[in-house]
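Below you'll find only one chain, the form predicted alone, shown as structure tokens.
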């Protein structure tokens, strides 16, 4: 386990908004009766930067943000299983650029939906329990990674349908995996976190030949020699409770638990002894009333800011590139009272979406500064 290095205390951000950016509500949609667990913009393809997807119940819906606060429904996919409850969605594409919406949830089946034809491209069966998060490799967007209640993380090729690697086993998570993320520039590295209160960093470097092989494999996907990765290169105990969201910020990691804050920390690895090292906690971004699990934050494309909702329907927008942390805005509306499960920030952060427990989607737009 990573030990804390003594020394500098983390810098805690002030909850007084800086008024750097003013946002106002420009739209509110009631999608349905069931809770919405995820909302995500498509950062994979510049043609679709204003397109986003939501999931709730057995439905995946694709929308477009238009001028003047307008939200247009583009398509809706309803799973054949009425009992399905999707918890996560991510955008991906195959090697010719066809956009896919990749969703998973309580059934443990990953649906890869071709957004061009609105048909299922592939269904991935492999996880032994529900899927809590799916993320896409930004440098190779036909690779996605899934975090599951079955204590494993899996790497998939959405084009060929192959499960390439399974991160689980001797050094793996000891409870549900709640979140996973690809490193933005180091294609071999991922970070995962979960109900065992840890964040684990994994490397695919020595298994990369399997990733390459997955693109040229012509036999049945079930015959692919899926490889187990049993040992992470780093394990950190930054939180004392469930860790339900982690994202890379360069080589640093942003993670949150149920203790009303997002923590920015630096993993300091020991090259000689994998799995060990120290953690340097750099900054803390307070988020009041954020003490229920499964609330995920989001960032704009360049990771300048992070937006996170809380259980009372408020949104906190933090600047990520400043020290001490600066609260850009605190967004609240008299009718937004339901827990916000996830936010989505647009490419440059001028639009913030939130999806709520009561089945609503809220759109906030930055006002032009005079």
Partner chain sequence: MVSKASDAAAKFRRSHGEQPSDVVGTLSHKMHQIKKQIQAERIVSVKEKVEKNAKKLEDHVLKILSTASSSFTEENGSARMFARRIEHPLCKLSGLAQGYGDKDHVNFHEVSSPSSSKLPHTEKLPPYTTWIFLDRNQRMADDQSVVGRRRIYYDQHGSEALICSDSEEEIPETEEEKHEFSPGEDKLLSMVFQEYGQNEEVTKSVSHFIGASTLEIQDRYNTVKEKNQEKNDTKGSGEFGSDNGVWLSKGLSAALDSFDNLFCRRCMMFDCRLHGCSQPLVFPTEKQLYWSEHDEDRKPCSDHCYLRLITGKNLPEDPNADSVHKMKTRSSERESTPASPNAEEHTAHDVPAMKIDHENLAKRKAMKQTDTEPHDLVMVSDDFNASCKKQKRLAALDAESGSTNEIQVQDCNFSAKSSHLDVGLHKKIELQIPTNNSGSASYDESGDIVRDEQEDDMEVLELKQFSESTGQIERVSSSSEWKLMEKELYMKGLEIFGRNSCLIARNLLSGLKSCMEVSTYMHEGGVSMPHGSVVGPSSFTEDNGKTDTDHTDQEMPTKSRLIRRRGKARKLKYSWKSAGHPSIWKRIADGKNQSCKQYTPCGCQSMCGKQCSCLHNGTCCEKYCGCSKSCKNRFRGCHCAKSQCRSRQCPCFAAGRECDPDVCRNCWVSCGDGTLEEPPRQGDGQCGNMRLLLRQQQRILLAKSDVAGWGAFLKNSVNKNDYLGEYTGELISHREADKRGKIYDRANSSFLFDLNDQYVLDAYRKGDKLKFANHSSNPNCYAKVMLVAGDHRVGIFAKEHIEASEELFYDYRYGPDQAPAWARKPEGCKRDDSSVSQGRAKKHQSH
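Model, not experiment: these values are computed from the prediction. Residue numbers count along the first chain shown, from 1.
Form predicted in complex with its partner chain: not shown, discussed below.
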**Complete:** Per contact check vs its partner chain in the predicted complex (non-hydrogen atom within 4.5 angstroms), the hit among 110 to 118, 157 to 165, 204 to 212, 217 to 225 is 110 to 118
**Asked** Among 317, 65, 62, 344, which has any heavy atom within 4.5 Å of its partner chain in the predicted complex?
**Response** 62
**Message:** With the partner left out here, check for me: in the predicted complex, does some heavy atom of residue 270 sit within 4.5 Å of its partner chain?
**Reply:** no
**Message:** Test of understanding: in the predicted complex, would residue 41 fall inside 4.5 Å of its partner chain by heavy atoms?
**Reply:** no
**Asked** Going by a heavy atom distance of 4.5 Å, is residue 51 a contact of its partner chain in the predicted complex?
**Response** yes
**Asked** Taking the shortest heavy atom distance, is residue 87 within 4.5 Å of its partner chain in the predicted complex?
**Response** yes
**Request:** For the stretch 56 to 93, return the residues whose heavy atoms include at least one within 4.5 Å of its partner chain in the predicted complex, in the order they occur.
**Result:** 59, 62, 63, 64, 66, 68, 69, 70, 71, 72, 73, 74, 75, 76, 77, 78, 79, 80, 81, 83, 86, 87, 91, 93
